[in-house]
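The chain below stands alone, shown as structure tokens; this is the form predicted on its own.
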Amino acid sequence: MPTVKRDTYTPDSLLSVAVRVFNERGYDGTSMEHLSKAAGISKSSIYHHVRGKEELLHRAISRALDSLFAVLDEPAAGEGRALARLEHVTRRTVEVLMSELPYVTLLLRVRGNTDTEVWAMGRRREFDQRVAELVKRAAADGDLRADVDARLATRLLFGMINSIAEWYRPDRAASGHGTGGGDTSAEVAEAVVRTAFAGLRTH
């Protein structure tokens, strides 16, 4: 397992290592000893900056959630017809997932086993609900099919988006070989929008 050199150790590098180990071993299967070895620092050095691994989990998940909720605050997400706003949120959610892949992957894997995970799941539901409201408004405007339940459409949409975390690999995409196909986040985002809304649009 690669390590972070002592002379390059920072709280940010520790967080990056922790996220990688959490994703590889699972949060429950990761000990402070695992984090210590992966970071190349002593456990006491880790405790100097955080209270324990759950604080690292909270910081990592907060980074993912803050990036996702920031999308909802962008001008294009709050102005214009609901369908255009929904398509913008969809594109940007894909782009955030791909740019913050390890952090969003960790967020998608929480199961509510700790206070931090329960909090994260609640925030995820809040994000989903706000997107579902856009789906409802777009249907009310006559731009999306009204015969598809908004919550179901939202679940299907996020199912497509979240699946990217299972197959997209930035290193392979950068080389243009293997999983990832060399596609940029903008290209993947556009493909998701075209595929998802082709069956939902009324025109």
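Computed from a predicted structure; not experimentally measured. Throughout, we count residues from 1 along the sequence that is shown.
There is another form of the same protein, the form predicted together with a further copy of the same chain; it is not shown, and what comes next is about it.
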Single option in A64, L144, L56, A39 placed near a further copy of the same chain in the predicted bound form, where near means a heavy atom within 4.5 Å
L144
Exactly one of A140, V148, A70, M32 has a non-hydrogen atom within 4.5 Å of a further copy of the same chain in the predicted bound form; which residue is it?
V148
When you measure heavy atoms, are A153, V192 and A198 every one within 4.5 angstroms of a further copy of the same chain in the predicted bound form?
yes
Though only this chain appears here, would S163 touch a further copy of the same chain in the predicted bound form if you measure heavy atom gaps against 4.5 Å?
yes
Evaluate R123 for contact with a further copy of the same chain in the predicted bound form, applying a 4.5 angstroms cut-off between non-hydrogen atoms, and reply yes or no.
no
Any chance V21 has a heavy atom within 4.5 Å of a further copy of the same chain in the predicted bound form?
no
E117 versus a further copy of the same chain, in the predicted bound form: is there a non-hydrogen atom within 4.5 Å?
no
Quick one: which of 125-133, 83-91, 70-78, 99-107 gets within 4.5 Å of a further copy of the same chain in the predicted bound form, going by heavy atoms?
83-91
